[in-house]
Every structure is written in C-alpha cells, then in structure tokens.
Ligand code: DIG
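We begin with a single chain expressed as structure tokens, specifically the form predicted on its own.
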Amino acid sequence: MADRRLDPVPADNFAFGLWTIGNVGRDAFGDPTRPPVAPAEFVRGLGRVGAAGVSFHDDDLIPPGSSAAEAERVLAEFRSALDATGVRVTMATTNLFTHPCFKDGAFTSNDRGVRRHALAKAMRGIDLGASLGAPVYVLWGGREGVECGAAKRPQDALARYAEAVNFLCGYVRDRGYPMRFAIEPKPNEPRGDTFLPTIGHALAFITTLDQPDMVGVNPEVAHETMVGLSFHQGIGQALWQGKLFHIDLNDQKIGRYDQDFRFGSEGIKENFLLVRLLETSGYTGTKHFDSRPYRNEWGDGIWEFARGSMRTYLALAAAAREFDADPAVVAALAAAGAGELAEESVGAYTPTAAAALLAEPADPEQLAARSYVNERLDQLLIDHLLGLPRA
C-alpha cells in the first residue's frame, strides 16, 4: 500500500459551516450539551486543523436582534480571524426556517407578506456574503413544503419558488456580485414533504429559470441517502449537467431522520465511489462538511470530529487512486467494458446513419452471452477498502 497523506492542508479545499463543529448538541428531545463557539474562534480553530474555508447562515454570524455596534464588532473580529488564518469564506446562506414566521414556508408561504420578508432577508444575507467574498450562495428550502397537501397547489408553489430565485439572480446581477446560487434539495424534515426533494427535481427546476446559468445544486449526502437514493449517482448527474456548484459531505443511515453524521462514518462503499468520482471528474469546488459532532462530545472532541471528517476523505481519495492504478482493477474495468461506455453508440442522427443501423446484423444470443465481470470488480473494490492482499 502506498504512503497516504492524511493530514489536511488548505489546498485540499475543505470547509465547515459555523453550525457544524460549533453545534451545541440540541435536538428535538434535549437541550444543548456543550457551549457555542464564537465565529472568530471557530475560524481560528479551522486554521489550526488545516481547513481552507468557512460558511455561515446570516443568523449564525450576526445574531438576530443585534445592534449595529454589536454586528460591527462581530464582523470585525470575524474578518480579523480570516486575515490571521488565511481561512476564506467559501459559501453563505440565509436562515429562512427558524423564526415562526416561516412555519408555512418562506418563498412558498401562502402569506404574501412572508414571501416578501423572506426575499428581503435573503437579499441582506447576499449583501453580507458578498462583503466577505462568498462565491456561492446556497438556497435550502427547509420550510418550503407541506403537511396538508390540500393547502397548497403545487404549481403555484413552484411558480413562487421560481419567482424568488429569478428575483435574487436579478439582484446579484444588478449589484455586480461574482456569486452563483446553489439549490439544496431535501425530501422531508422539517416539513412533511418538501418542494424540490431530490437532485433530479432541482436540476429540472433550474431549466425553467430566467438565468439558469447562475443556478446549480448543493447536494447533501444525508438528504439523498435518507430516502434510499444513491448519492454517488446523483452527483454524477449533477456533474454531467455542469451543475455541481457546491457539495455537503456528511453521513446518514437509510430511512432515518436527517442525522448529519461525520463523513465516512456509515456508508463507506458509497463514500468511496463518491470521493473517487469527485477526485477524477475535474470538480474544483469546495468540499464542505455539513455535519456535527455526536451530541455526547465535549471539548477537543468537536475538533477531533473535524479532523476525522477530513482524514476520512483523504484516506478514501488515496484508496481511490490505488484502486485505479491496480493492474487487476484495470483488467477488470476493461473486461466490464467501462471504457466502451465512453464511446458514442451512433453519433448524431442522419438518414444515412439510421439506414446503416437498420441494416446492421445483430445476434441477440451472442450479445447475451457476454459476462461483464462485475463480481470480480466489486470484490477488488472491497479488497482495497479493507486493505486485503490481492487475490
């Protein structure tokens, strides 16, 4: 086994949100189990563990109700920590889910006043993110959904959602901010059913927008996994469509509530395929961890969680490189026809090409006789993950 670099450096482009490592351990059934981490101290901690970036909701950075003087103090301390550590702001977003006014949604609330307030809050959040250099603004519609399906006509809700995203794109263009949007899909929780529940839904929605080039997706491991979808396959489609603007890494058990476990702590095989895909696809965006330490952690344990998240990613990236360089894997991929899939089947349509295809002899029985050697290929993957000797 080749030497593996497992200590992160800023060039790895790892980032964490203020709500992740600093999560206070509150859940639906229990009060906080640890103290909060001030934004400036959070940034200094990221610098110590080798992370490159930090992200935030507007309310994470500037607590609601802060005076102008208090907001300026927090911002000054935050900027000072960024300057001292070299950590940069890699993403910003707006909290449109905590305050009770958003209980029926934000951009899709039945109350027009709530919708207008949500847009104004998002615009102010965009200003804050732009002032700190955030290149991506994430739109997570955590409250954009229903429990009572009869209360909202889906077509109307989606029209209001599109109207909001179109308006915000116009705002960013008008201000000249070098910023793109990323929609974060989630099937449920906190709403019973959420609009734009999966990567596929979000990608289809983006095609209807006035400025689709400005909008991509920010998929999260837990959100696709909780309903049993393959995150690796979803990311593949987002990459294929050029829409992977940001990514949230964590982990999750299928069928559970949104657990936000440490990346790599559950679905190791799926995560291996995900990391291999990201590392070989040309993706250059932030590798952002949207997860939180176990609720029973304390003290340095929250930073151990951060170090472990990055260490696992680096280990999987190294394993993926070793896997692809293994002659046995190269042979198994060739036998499986993996390279042949990259070849065109017929090319662009022409009458001549259609006639030639119809005239081409084919023997379905001969085609059916092929083995794709997938059992050996999959076992080689497991062997690499477990560090087994090559058979």
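Just so you know, these numbers come straight off a predicted model, no measurement behind them. We number the residues from 1 along the sequence you see.
Beyond the structure shown, there is the form predicted in complex with this ligand, which is absent from this document and is the topic of what follows.
Participant: Out of 308-316, 82-90, 195-203, 288-296, where are the residues with a heavy atom within 4.5 Å of this ligand in the model of the complex?
Facilitator: Contact-bearing stretch, as computed: 288-296.
Participant: Does the trio W19, H57 and D248 actually contact this ligand in the model of the complex, every residue with a heavy atom within 4.5 Å?
Facilitator: The answer is yes; W19, H57 and D248 each reach this ligand.
Participant: Exactly one residue in E266, D104, E270, E184 has a non-hydrogen atom within 4.5 Å of this ligand in the model of the complex; which is it?
Facilitator: Checked against the cut-off, the match is E184.
Participant: Please pick, from F97, W303, Y177, Y257, the one residue with any non-hydrogen atom lying within 4.5 angstroms of this ligand in the model of the complex.
Facilitator: Filtering the options by heavy-atom distance leaves F97.
Participant: Does R143 reach this ligand in the model of the complex if we count a contact as any heavy atom within 4.5 Å?
Facilitator: Output for R143 is no: heavy atoms all beyond 4.5 Å of this ligand.
Participant: Would V138 count as a contact of this ligand in the model of the complex, using a 4.5 angstroms cut-off between non-hydrogen atoms?
Facilitator: Although this ligand is absent here, V138 would touch it in the model of the complex, with heavy atoms inside 4.5 Å.
Participant: E224 near this ligand in the model of the complex, any heavy atom under 4.5 Å?
Facilitator: Answer no; every heavy atom of E224 is more than 4.5 Å from this ligand in the model of the complex.
Participant: Could you list which residues of 206-237 come within 4.5 Å of this ligand in the model of the complex, counting heavy atoms only?
Facilitator: N218, E220, H223 sit within 4.5 Å of the partner.
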